[in-house]
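This text opens with one protein chain seen in two forms, each one given by itself as structure tokens under the names structure 1 and structure 2.
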Structure 1
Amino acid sequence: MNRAGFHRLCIVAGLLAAIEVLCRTGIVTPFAMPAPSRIVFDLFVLLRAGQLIAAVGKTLHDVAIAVVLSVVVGVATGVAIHRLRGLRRALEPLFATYYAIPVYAFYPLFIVLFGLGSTPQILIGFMLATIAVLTSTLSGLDRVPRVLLRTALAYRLSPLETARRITLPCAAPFLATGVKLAVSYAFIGVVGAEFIMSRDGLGYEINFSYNNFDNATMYPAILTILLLSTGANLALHRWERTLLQRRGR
């Protein structure tokens, strides 16, 4: 573990210890929040009983579909419009302000069109994640050395072959950043949509537990989301570092 990782670990441990003390001394009441150690124990009990397994599986399923769709659409769109300078100049202001759009406002429309299943949640996650992948793809393609593009012209590669053999591999570190952001946004989109109107998933479990004052389920479900999203981002961060190291950065 490097120094930065050690410092991060110390900060997190210090915050957890402070919260534990506040909860154990009664400054923070159990009705408001159980102690972190109690939350971990309750999570173990729920997982052992199998109560959150179905919710975790449903949320991960929807997040995975949203991420895959956003990566495919974001990368393909980025490659397509990168060569179309006029179209890109017209769209870039929209990309810059995209996250000012209240995406959840479309949720009632998605429910009318697709019902109360997983599709509305997947679409919300997809909408939030795609632009992050697209902008990362454009940033990566902008940094491809011109000599490589000239090599592609010399070998008379088609645009598809150029993207597959040269530009996308060269832009891989930026694509990794886009995928990492896509995972974060997909979790936000899917879990947030499950809060609004869903019959299953971790977001539904948290909302249902909150309305029924069931802290023994709500806080472990929140901790589960934190663990899943943090674990996925750490794995993607390692992948990103590996790509950068291969390029001597």
Structure 2
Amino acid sequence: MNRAGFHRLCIVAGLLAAIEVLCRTGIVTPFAMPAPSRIVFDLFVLLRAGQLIAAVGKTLHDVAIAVVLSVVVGVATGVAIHRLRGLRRALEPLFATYYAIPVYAFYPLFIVLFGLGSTPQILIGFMLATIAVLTSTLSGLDRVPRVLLRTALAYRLSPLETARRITLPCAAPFLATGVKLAVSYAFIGVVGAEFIMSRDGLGYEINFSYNNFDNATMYPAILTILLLSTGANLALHRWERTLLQRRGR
């Protein structure tokens, strides 16, 4: 680990220690928030009892479907729109204002349309994630140098060959950013929707235990989501950096 990473770890550990002290000395009551060490302990207890595992599985399953769908649809639409200039110009205002629209407001509509199963939650995650993938794909394709495409023409590469040898490697860092955003947004969408109204999943567990003043379940569930989303984000961040470095060489 480099020096910055070490210092970052120190800061996080320091913050945790500060919260721990505040909780242990009674300044923050256990009724409001148990000490971090206690939360980790509760999490182990819950996991050993086999609770939360089903909720984690359900949430990850929905997030995974939302990510796969949004990457496939986002990249495919991005490639198609990149070719159709007029359509792209017409859609640009939509992309630009899209994230200002409170997507959760559509959630009740989806529940009416699709029932209270996983579908509305996956759809919310998908709606949040797709446009990020789409816009990343577009900016990735924009940055492919003309010279390389002309070289491909000169060498009479087939479209498939051009995509494999030129377009993909050039656009890869942007695609990676798109995938990273997709994972974050899918998490935010799915967990948020579960929280608002659903029958299972981590978001539901948190809301349910909150309504029952069950801190011994709620805080471990919150911790689980924090760990899952930061873990996924850090892993993808590393992957993105290796792609960028490879391009730099």
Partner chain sequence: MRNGCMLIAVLLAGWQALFQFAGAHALSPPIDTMLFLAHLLGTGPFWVHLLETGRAFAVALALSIVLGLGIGLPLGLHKYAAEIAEPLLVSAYAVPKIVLYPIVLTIFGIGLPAKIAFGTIHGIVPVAIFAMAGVRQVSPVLLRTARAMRLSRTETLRCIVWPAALPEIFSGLRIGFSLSLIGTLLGEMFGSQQGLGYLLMHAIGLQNVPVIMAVTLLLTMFAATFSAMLLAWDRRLHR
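Predicted, not measured: the structure shown is a model, and the values here were computed from it. Rigid core here is just the name for the largest C-alpha set that superposes within 1.5 Å across the two forms. Residue positions are counted from 1 along structure 1's sequence.
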For the form predicted alone, pick structure 1
Tell me, please, whether between structures 1 and 2 the C-alpha of residue 118 is shifted by 2 Å or more, with the rigid core used for superposition. no
So, superposing on the core, is the move of residue 127 at the CA at least 2 angstroms between structures 1 and 2? no
Report, to one decimal in Å, how far the Cα of residue 166 moves between structures 1 and 2 once the rigid core is superposed. 2.8
